[in-house]
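What follows is a pair of forms of the same protein chain, given separately as structure tokens and numbered structure 1 and structure 2.
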Structure 1
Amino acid sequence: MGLFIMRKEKTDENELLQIGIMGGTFDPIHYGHLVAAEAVRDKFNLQKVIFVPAGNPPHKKEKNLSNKMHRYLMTLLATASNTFFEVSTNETDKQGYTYTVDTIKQFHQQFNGKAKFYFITGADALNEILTWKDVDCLFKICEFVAATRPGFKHEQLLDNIQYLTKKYDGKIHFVEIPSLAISSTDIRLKVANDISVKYLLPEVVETYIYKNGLYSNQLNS
């Protein structure tokens, strides 16, 4: 009888797929999100960036989020022309509150441990990270890429990166991206007030918004 030596397969760090995760409510998705994702993909040589429209994030519970089907479809439309971009239903498929840490764990399972994940956030989102569920664990299962965002000071972002890196022994990369002072809040308010949103977001998303009457009754952010 032949002798079989069972060897536990160990994946070399270099063999791992490098995948960016772009989380957001995308209500609606705009060029700020797309430019950030593409700049990070290019800089880190990522094989793909997966956009994850938030399901029911606890930090936005007081806000009147649009239906998740609309947010998912707008994200799909906006990313369709980029072969490196994908959209995941990991969060929109779930009932109840959704947390980034659970979503990243789910991705590790879906990729059978063969991928390394870079969670992409704007400067504002990184400021809020301490309020997220299980931050300790999150820093162990992904690296972060913190992108500059107009209105948020570079020094503050760098201080925050230094503080979080030390506190959680995690990895946060800093990237300066082309500055686009665009926000979904501003787009929603503009649509509600009949102000043009042309060139702030892909035309196909703009058309989708008007076709479905989104944001027309928006009273505030």
Structure 2
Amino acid sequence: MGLFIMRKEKTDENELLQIGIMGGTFDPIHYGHLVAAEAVRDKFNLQKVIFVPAGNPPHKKEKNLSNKMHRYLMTLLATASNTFFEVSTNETDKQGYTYTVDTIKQFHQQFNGKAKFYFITGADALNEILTWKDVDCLFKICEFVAATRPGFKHEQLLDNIQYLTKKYDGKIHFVEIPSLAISSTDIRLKVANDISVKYLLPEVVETYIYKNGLYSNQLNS
């Protein structure tokens, strides 16, 4: 079972909790992720957002990902100051490939069916969602919130949302997040090339990266 701290929520006994699930490799987590999570929390009046660092994502099996415990600890450090944010080891505790549909099912079990889940992801991921495991089931057990960066082709996104909504009878929302112009890939390359990453991510995460020598040999990752 994933590990995270449960807090008492002031809700009606029969009212479903509104929970955001922010999945990602977080390699490293940066301000774009944090701003997106807070914007969605505020827009949809969520009681909390649970960050779920990916364990062994099948769609990135050829990528040179950092050790999952490094990614988990960076996420923990980055979210510690926000009382609405929590971090789960749901996927990092598992062996083998991890899949979003299994993660959401596990959260339904952990909350005893008393929560409604919003899966927060980048708009780019919607282009790949048809390759995800049991995508038809996924649309039945959670709603999607696609976070876009400024300049993203909204017409293409809306067409994609319309197609997926019609095909799977699911619900997909989108919000524009200016800070999503920040890229984990760009941060890794900057670190590898000894270029400053200050103000792109929380200082505690920056310190962790340099202290543990992350990304120094990942010019092509």
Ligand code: ATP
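These figures come from a predicted structure and were not determined experimentally. All residue numbers here refer to structure 1's sequence, counted from 1. In this text, the rigid core denotes the largest set of C-alpha atoms whose superposition between the two forms falls within 1.5 Å.
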property	result
Form selected (criterion: the form predicted together with the named molecule)	1
Yes/no, G113 Cα shift of 2 Å or more between structures 1 and 2 with rigid core fixed	no
Per-residue C-alpha change between structures 1 and 2, P150, threshold 2 Å, rigid core fit	yes
